[in-house]
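Presented below, as structure tokens, is a lone chain in the form predicted alone.
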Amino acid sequence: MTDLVTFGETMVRLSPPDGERLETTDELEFRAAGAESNVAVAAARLGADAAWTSKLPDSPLGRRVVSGLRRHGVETDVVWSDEGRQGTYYLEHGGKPRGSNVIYDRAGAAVTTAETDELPVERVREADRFHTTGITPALSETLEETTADLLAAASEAGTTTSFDVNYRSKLWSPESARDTLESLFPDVDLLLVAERDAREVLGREGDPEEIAAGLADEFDFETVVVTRGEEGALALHDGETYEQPAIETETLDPIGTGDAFLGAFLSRRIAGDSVPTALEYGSATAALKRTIPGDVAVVTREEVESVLAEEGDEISR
């Protein structure tokens, strides 16, 4: 049985050297990048048996995605297609006042046609946990149906399901997102949502604890995690609230921070740890990720525990 199965789109990220512009650069760096596969990588690197499933074009770029994930210990269960293309995105890193810029080129991606009967549904049913995000159903009507089917299949089989709202304004409006996401929530056990998305997309009010409690009451979530950026995170589980401060870090590349947090959180819950311990691991892994270029948290458990030990020493002083 697989500990964790994730489902969603993984793109090829193409980046010029820091500070350079796409229109003038002579080189681009290739990396695999996708919210659900980022979660699988973090979980796998911290000891979980993690797999990622999706649909990819049978092409060099599709195979590049697979090799990019396998190198981190993630098993890939892919539907290979002769139709559709590999989605990509371009990232320009820039300092203030320009800032960084992301350009997506994902139209016609093979994953947008992924149907339930093509995918390893039985593997999802047999897994300990199944994870996906709000990005996936936003990509196509087909994926909206497939996401709903997989969550329902997992829930019916007793697989613990987790879902990250992960709102993307370039994909849909807050109103459209809310309607679709709330239709999926009955089959979700653990919800992760940024405080900003809870307010702007899900229409929630109050402080983070009130937001978590309101969501748990309305949709019967077992666990709600509200991430708060520099303020850390809050989790509501079985009626108890736990808070975790963010760990100070020097930011080299912030993309994938939330995925690193959640992958680490899930890895410790899979291992049987408590929610407070999982929050600590999530916070430390997120801090480490911000020091690493690319979308994935290339970390070890020893590094995470070293960060936590240092934080403990700081608190005791």
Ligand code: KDG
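Note that the coordinates shown come from a computational prediction; the quantities given were computed from them, not determined experimentally. Each residue number is its position in the shown sequence, starting from 1.
Absent from the display: the form predicted together with 2-keto-3-deoxygluconate. The rest refers to it.
Of the listed positions (168, 196, 71, 98), a single one reaches within 4.5 angstroms of 2-keto-3-deoxygluconate by any non-hydrogen atom in the predicted complex, namely 168. Think of it this way: in the predicted complex, 2-keto-3-deoxygluconate has a heavy atom of just one of 184, 215, 234, 135 within 4.5 Å, and the residue is 135. Comment: 99-107 is the region of 80-88, 141-149, 99-107, 112-120 lying near 2-keto-3-deoxygluconate in the predicted complex, near meaning a non-hydrogen atom within 4.5 Å.
Although the partner is absent here, residue 33 sits close enough that one of its heavy atoms falls within 4.5 Å of 2-keto-3-deoxygluconate in the predicted complex. For the chain shown alone, residue 255 is a contact residue for 2-keto-3-deoxygluconate in the predicted complex, at least one non-hydrogen atom being within 4.5 angstroms. For the chain shown alone, residue 267 is not a contact residue for 2-keto-3-deoxygluconate in the predicted complex, no non-hydrogen atom being within 4.5 angstroms. Looking at residue 285, you'd find every heavy atom of it more than 4.5 angstroms from 2-keto-3-deoxygluconate in the predicted complex.
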